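Quick heads-up: it's one chain on its own, the form predicted on its own, in C-alpha cells.
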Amino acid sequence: MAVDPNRSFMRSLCLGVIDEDMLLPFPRIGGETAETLRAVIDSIDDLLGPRAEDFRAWDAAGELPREFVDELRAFGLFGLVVPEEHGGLGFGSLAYSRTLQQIARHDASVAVTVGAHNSIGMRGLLLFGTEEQRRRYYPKLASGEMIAAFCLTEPEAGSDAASVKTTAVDEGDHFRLNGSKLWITNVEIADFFTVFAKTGPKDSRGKLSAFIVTRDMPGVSVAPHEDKMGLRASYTNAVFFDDVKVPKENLLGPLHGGFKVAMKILNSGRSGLGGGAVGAMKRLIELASHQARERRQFGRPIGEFGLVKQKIGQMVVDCYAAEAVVTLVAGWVDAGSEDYAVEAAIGKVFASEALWRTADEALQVAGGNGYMRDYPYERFLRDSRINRIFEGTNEILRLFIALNAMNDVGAQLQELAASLQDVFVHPIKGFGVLSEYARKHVSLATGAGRSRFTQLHPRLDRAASQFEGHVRVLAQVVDRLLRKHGRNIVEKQLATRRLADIMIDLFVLAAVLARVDAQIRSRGEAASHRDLQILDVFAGGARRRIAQNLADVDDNEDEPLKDLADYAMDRGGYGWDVFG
C-alpha cells in the first residue's frame, strides 16, 4: 500500500480517479505487534470472559465499580496508544482498533470507558502535545493513574462545535476558564481533561483553543452521573469550570486552532469506535447463530427457515464489510496518511448503522427472549444506539462526506468559470482550459485513464467493472449538482445525503474488493469462496442502492416532505384524526 499523506481516496473518486495504490495491498498486522496483540486479546478474554453476569448487574445499577476500573488499570488497558518509552503498548490505529473490538465483544460500557480514554481523551496529547507535556502526563495516563476525558459538547454545542460558549480569557501567565461541558464520558473518574474553549472575542463564532485541564485545579467540579438508555455502566457526567486558572503551558496545539485540533482528534480516534462496532457485531452473530440452531419451531430449528437465514447472512456481510473499512482506514493512519477525514467518517457511519441493524435483527431472531433483560440482546440494542449520535451525528457526517469530497470538483468548476472570461480576453489560454476540462469528462465517460482497476485479481473483474461504472456516474452527478446549485449545494441537504450514501457504498465496496483480493492472493480462490460470496452480496445490494439514489437526485418527493414537516412543526404535531 502506497500512501501519500495528502491524498484522499474519496476526493479523488469524485474526480473519477480510482487511487488503486491506496487500496492494495490490504493492511494486515504482523511481526512483533501481532504477537503482542494476541497476548493482549487473550488477556482481555481472561479478564472479561467470566464477567457476563457482572456486566448485566452493573448495567442495571448504572455504574462500573471502582474496583473493576482498578483491574482495567492493572491490565494496562489505559496505555494502549501511549508510546512504549513512556510505559504504554504503543499500538498504532490498526492494533488499537482490534483491541477495542475484543473488549466490545464482552461489554460496551467497558469498551467506551477504555475507548474514551485512548481514542479521544488523551489523543490530543498524542497528536499535538509538546515534549514537556508528554513527559509530564504520558506515564500517568499509561498506568491509568490519570484517566482522560474529552470535553467538547455543551448544551448548545454538539455537532456545531463552533458555537461553544465556554471561554478561556488570556490573563498573562494563565488563561481563566469558565463554562460547562455536557455528557462527558469518563469525567467522573478522570483526572486529565482535554477541554475546548473560545479564545476569540465574546461575540465571535469559532476561534477555539484546546487546553489540558486537571481535576486538581481549583474551580473544577463534576455533576452526578447521568441515567442513560444504554452504556449505562459507563460514567457520563457534566463538568463545570468556575474561574479555573489554566497555565499557559497547558495550551494544547496552536492558539485559536482548537477546531482543527478537535476534528483531528475525532478523525484519528474513529478507528476505535469502528472496532468496537465490529466486535459487538461478531458477538451478536455468535448469539443469533446459536439461537437459530437451538430454538425449534414447527418441528425443526428456526435456522432452517429462509427468513432467518437471510437475517444472519446479512449480518455476516455487514460485519465483514465494516471490518474491511475500519481496517483500511486504520492502515492508512498507521502508514502516515493525513487526509482520511472523509473515509474515517464513512467508516463511522457505516459501522454504527451496520451494528444497529445487526443488534435489531439478532433480537428478532431471539424472539421473545430477545426482549427480556435476562438475555443480552436488548442490552446490545440499547448500547449500540448512541453510536449513531456521538463523535459526530451520522446526519452531520453525511453532509461532511458529500461536501468535503466535492471540494475538488467545485474548485475545477471555479477554474472553468474563470476561464470563460479568458475565452474573450485570451482565446488560446481560455480554450486550452476548456478543452482540458472536456478531455477529463470524455475520459470519465469512456472509462479511460485512471477510472479503471488494473491491479485487482482477475476473479474480481465483474465487481471491479461494476465499481468503475458507478464511479463514472458519480463524477458526472457531482458535476451536474454543482453546476445546478453552485454554492447553494450546502443548503441542499437531501441531495447531498444521497451523494453521501452513494459515496459510502462505493468506499465500502472498494474496501471489500481490497480485502477479498488479499484473501485470494494469500489463500487461493477455492479457499476464498465465502469471501467471494460476501463480495457478490454486498456488490449486488450496493448496485441497487446506488441506482435508487441516482434516480432520486432528479426525481424525488423532497419538497412535499419538507412542507409536511413545516406544517407539523407549525401545528406542534400531527394534524389529522379519523374522527374528523
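When you see a residue number, it is the position in the sequence shown, counting from 1. Because the structure is predicted, anything quoted here is derived from the model rather than measured.
The same protein also exists as the form predicted in complex with a small molecule; that form is not shown, yet it is the one meant from here on.
With the partner omitted here, the stretch from 387-395, 216-224, 353-361, 333-341 that lies within 4.5 Å of the small molecule by heavy atoms in the predicted bound form is 387-395. Out of the listed residues 365, 125, 152, 251, 152 is the one that sits within 4.5 Å of the small molecule in the predicted bound form by at least one heavy atom. The partner is absent here, but in the predicted bound form a heavy atom of 185, alone among 185, 93, 118, 99, sits within 4.5 Å of the small molecule. Mapping the unseen interface onto this chain, residue 261 falls outside it, with no heavy atom inside 4.5 Å of the small molecule in the predicted bound form. Contact annotation for residue 158: at least one heavy atom lies within 4.5 Å of the small molecule in the predicted bound form. The small molecule in the predicted bound form is not approached by residue 291, whose heavy atoms all lie more than 4.5 angstroms from it. The shortest heavy atom separation between residue 465 and the small molecule in the predicted bound form exceeds 4.5 Å.
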